[in-house]
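Only one chain comes next, encoded as structure tokens, the form predicted alone.
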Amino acid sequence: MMRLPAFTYRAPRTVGDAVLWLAESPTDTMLVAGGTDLLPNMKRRQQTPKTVIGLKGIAELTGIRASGHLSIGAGTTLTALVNSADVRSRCLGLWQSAAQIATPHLRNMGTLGGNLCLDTRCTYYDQTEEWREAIGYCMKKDGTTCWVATSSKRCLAVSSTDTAPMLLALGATVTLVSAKGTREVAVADLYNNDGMQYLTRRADELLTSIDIPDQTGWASTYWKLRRRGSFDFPVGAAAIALKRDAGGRVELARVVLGAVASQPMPSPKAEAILVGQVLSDDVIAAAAEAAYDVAKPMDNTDFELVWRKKMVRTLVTNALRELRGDDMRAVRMSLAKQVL
């Protein structure tokens, strides 16, 4: 049985207390909400904070508020997100991404903020302490070599968050609070393409809320690749949001890939191909090919990397056909194993 290391646990009731305690020793302190990512990592000694600050008791971090835009507390559970009629009707792609995360039990505990800050993953990293010690550790924790590509100067662990690609496609922003002040950051600027320094959030900052602009006129969808129909992290994903005119011509487009790099990867070329066009088969094929060019999966997760890259075409094609209005329910069921 793997056990947690010793640590001090603090349970603030307000955001103010949380960030003040975090400021005391940000490099030795970590935040926990649902604990579905951090606690297993601590058991494997991937992360060993001296202090853990629990966020579950902070009421102001929860809730979904809908006006013209959507404001979602970072502590809102994934289950609450899936159960929200406002999320489903206004941002179907976000609802789809949340509904495909893990299992109902884990969605009951996991939070939106936690999924946004999810640790990057790798075959050589997500192992027990003894396993990692046997190979001399890896660059991400205690070692100096990236075993995925031994000549690489940076860690190639993969981004495995489902909601981040979709929120990026929706043009969302996040609020980060510290003892020094508050700042608003676009989800597009929250990530680095580096398996170790994958977040631009500072160690002394707490992600408190997510704001999604008014989605009137927009349609969105999320397609995910994984081995099983539940539990598994994505090994490929396509998050797409389109705004079209009355004639079906694309006015604005956002195409973002998940789980093919250390951060969610937009495809500006695919977006440019779509803008000004109707979603014909040829346009969809060209956009899917452009997205395929952006995907750079590595041999650090489930399935062969060459096949994962090829599947990007399929994911983007399916997503665009669904947004066009094609009946994709049978294809959805065969891939996702659930009605979405």
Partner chain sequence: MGVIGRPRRRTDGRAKVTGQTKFADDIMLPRTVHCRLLRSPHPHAKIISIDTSRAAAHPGVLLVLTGKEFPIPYGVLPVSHDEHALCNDKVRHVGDPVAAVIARTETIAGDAIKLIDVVYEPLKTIATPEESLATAEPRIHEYGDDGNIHKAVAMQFGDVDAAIAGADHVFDDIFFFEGNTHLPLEQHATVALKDPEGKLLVYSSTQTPHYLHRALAKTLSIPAAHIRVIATPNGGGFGGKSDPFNHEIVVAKAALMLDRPVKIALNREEVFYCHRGRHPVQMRFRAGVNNDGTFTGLDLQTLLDGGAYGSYGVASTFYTGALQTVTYEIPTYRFRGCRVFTNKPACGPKRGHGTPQARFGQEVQIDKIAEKLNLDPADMRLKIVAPPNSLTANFMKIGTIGLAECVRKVVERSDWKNKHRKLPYGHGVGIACSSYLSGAGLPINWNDLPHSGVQLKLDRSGGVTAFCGATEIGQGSDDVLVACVAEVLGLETYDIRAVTGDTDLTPVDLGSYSSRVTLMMGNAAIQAAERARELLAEGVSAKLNIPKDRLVFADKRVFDSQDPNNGCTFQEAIVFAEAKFGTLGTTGSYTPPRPPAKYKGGGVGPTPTYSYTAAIVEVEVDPETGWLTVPKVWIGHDIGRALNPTLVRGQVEGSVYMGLGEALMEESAFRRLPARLSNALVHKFPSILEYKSPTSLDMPEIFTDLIEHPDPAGPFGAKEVGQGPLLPIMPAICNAVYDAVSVRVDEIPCTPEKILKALQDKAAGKPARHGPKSFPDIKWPETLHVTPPWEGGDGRASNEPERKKRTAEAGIEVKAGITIARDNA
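Note that the structure is predicted; figures quoted are calculated from it, not measured. Positions refer to the first chain, counted from 1.
Another form exists, predicted together with its partner chain; not displayed. Remarks below refer to it.
### Task
May I ask you to choose, among 250, 225, 116, 92, the residue with a heavy atom within 4.5 Å of its partner chain in the model of the complex?
By the 4.5 Å heavy-atom cutoff, the listed residue in contact is 225.
#### Entry: Contact residue in the model of the complex, from 311, 294, 61, 30 (heavy atom within 4.5 Å of its partner chain)
Of the candidates 311, 294, 61, 30, 311 is the one lying within 4.5 Å of its partner chain in the model of the complex.
### Query
Can you check whether residue 218 is within 4.5 Å of its partner chain in the model of the complex, heavy atom basis?
No, residue 218 sits far enough from its partner chain in the model of the complex that none of its heavy atoms falls within 4.5 Å.
### Query
Does residue 196 make contact with its partner chain in the model of the complex, using a 4.5 Å heavy atom cut-off?
Contact with its partner chain, no.
### Message
Is residue 232 part of the interface with its partner chain in the model of the complex - any heavy atom within 4.5 Å?
### Response
Yes - in the model of the complex, heavy atoms of residue 232 and its partner chain come within 4.5 Å of each other.
### Message
Taking its partner chain as it sits in the model of the complex, is residue 281 near enough to touch it, meaning that at least one heavy atom pair lies within 4.5 angstroms?
### Response
Because no heavy atom of residue 281 falls inside 4.5 Å of its partner chain in the model of the complex, the answer is no.
### Query
Quick one: in the model of the complex, does every one of 3, 128 and 299 get a heavy atom within 4.5 Å of its partner chain?
The answer is yes; 3, 128 and 299 each reach its partner chain.
### Query
Out of the stretches listed (165-173, 256-264, 134-142, 187-195), which one is close to its partner chain in the model of the complex, meaning heavy atoms within 4.5 Å?
Careful reading of the contacts points to 134-142.
### Query
Using a 4.5 Å cut-off on heavy atoms, which residues of 107-125 contact its partner chain in the model of the complex?
Going through 107-125 in order - heavy atoms within 4.5 Å of its partner chain in the model of the complex - the hits are 121, 123, 124.
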